[in-house]
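Below you will find one chain, with nothing else, as structure tokens; this is the form predicted on its own, and questions on how it binds or moves follow later.
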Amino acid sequence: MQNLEIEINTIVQRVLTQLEQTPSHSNGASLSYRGVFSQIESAMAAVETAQRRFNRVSLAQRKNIIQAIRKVSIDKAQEMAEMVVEETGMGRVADKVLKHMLVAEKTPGPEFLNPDAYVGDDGLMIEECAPFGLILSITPVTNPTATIINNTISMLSAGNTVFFAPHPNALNCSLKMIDLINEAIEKVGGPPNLVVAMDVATIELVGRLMKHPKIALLSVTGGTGVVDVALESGKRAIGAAAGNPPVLVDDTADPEKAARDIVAGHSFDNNMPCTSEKEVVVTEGIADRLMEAFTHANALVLDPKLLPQLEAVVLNEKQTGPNRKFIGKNACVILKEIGIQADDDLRTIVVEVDKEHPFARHELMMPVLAVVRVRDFAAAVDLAVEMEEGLHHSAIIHSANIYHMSEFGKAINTTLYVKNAPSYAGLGMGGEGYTSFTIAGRTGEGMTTCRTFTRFRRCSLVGAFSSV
């Protein structure tokens, strides 16, 4: 009888879902998508039903669901990468494919939830990872679908359900990814609507969702402003805000390798990841050799005479940040604006500037790399820390001096700290460890995993337990 009731409720919920899904979006995109709703309360009712069913799912079945999400993310990586670039106009398709593969393969699953157990004369105590319930996940335009995959794997692995609030400029590709995820879940017998979203994206909607009583936890991957709002919501928030990662290159570094690694990390997806190298601080003794090495690393070192023209293109009118028109664009697109023809495979534009220049002080999120030279290592540390501005996000060093590596790491105190490699090694791509695209430097959780999205629950059994 109970099974029959569950099946009836499931059928009713699917019918309600189909009724709530509008036939088309204002921009003409099809919205016959699983988990996508036009009314908040309908979405809440659907995901609440999904949570109840998910609570009864075995751990083995939860692992099957996560594996299905990994598979569809890999199978659809090329298609979704193309859709993201087409909709947002940002980044490189090949690099976005790599992002999808990375999060699908290296985001930790339920295996990360092993409990801690304590056995003694007074019995047994277990600390286990319990779900929060429904999580609101706000996702960025820079890594829209990759962040959805990453957060879905992490949050569902922990036993939660997810209400996604995608960035307005990446709404269509985000909803498509949510549909693919729900389809994969249902194909392996999982509940429908474990992951939901609305068919519109507005600031007002996000505000309502943040305050909704059924939302248990906020996870925000985006700019400083939206993280500020989340932290003021009165609910627990996990905040992954912007970073301005500096690269320190000292006199002991290999200039050729450093240049190759810096260009590779900085230009990955046209500098869209918040972990990417944003500016270089180099000591005087190696500066000329590093600048020469950049010319061998698929980068164009700009003639200083052209700096004013480049500034006019890539900075906003007040020179307080990037010209949004060129965020995530290929280097050749930017160079064309100042009369320089270049191939699509040119990775970045390198320009030497002084330490107060806007290129060195603002996160541009485009393949324009500022290089600032200083007299020695101590000055380099001081300037890099100043430029990072206490965001505690990411930093990189190229050095053969282990004492320099240690000193800079202590001084910069960032969540990710990469030594002698491209920045993406810190994400687990070409480096050891798991990956995350929700890097909570702002609120201190760091590289989020499924454990991040759990409550720690203590279960105590008093009395003789162990036979040892």
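Residue positions are given as counts along the sequence shown, with the first one as 1. Please read all numbers here as calculations on a predicted model, not as lab measurements.
This protein has a second form, the form predicted together with nicotinamide-adenine-dinucleotide, left out of what is shown; the following refers to that one.
For the three residues Gly91, Asn172 and Lys329, a heavy atom within 4.5 Å of nicotinamide-adenine-dinucleotide turns up in the model of the complex in no case.
With the partner omitted here, the residue from Val162, Met83, Val351, Met210 that has a non-hydrogen atom within 4.5 angstroms of nicotinamide-adenine-dinucleotide in the model of the complex is Met210. Exactly one listed residue, out of Gly321, Gly223, Gly133, Pro110, brings a non-hydrogen atom to within 4.5 Å of nicotinamide-adenine-dinucleotide in the model of the complex: Gly223. Considering nicotinamide-adenine-dinucleotide in the model of the complex, the lone stretch of 331 to 339, 139 to 147, 187 to 195, 120 to 128 in range is 139 to 147 [heavy atom distance within 4.5 Å].
Among residues of the shown chain, Ile238 is not one whose heavy atoms approach nicotinamide-adenine-dinucleotide to within 4.5 Å in the model of the complex. In the model of the complex, Glu388 stays away from nicotinamide-adenine-dinucleotide, with no heavy atom inside 4.5 Å. Although the partner is absent from this view, Pro255 stays clear of nicotinamide-adenine-dinucleotide in the model of the complex, with no non-hydrogen atom inside 4.5 angstroms. When contacts are judged by a 4.5 Å heavy atom cut-off, Ala378 does not count as touching nicotinamide-adenine-dinucleotide in the model of the complex. Heavy atoms closer than or equal to 4.5 Å to nicotinamide-adenine-dinucleotide in the model of the complex belong, across 165 to 204, to the residues Ala165, Pro166, His167, Pro168, Ile203, ordered by sequence position.
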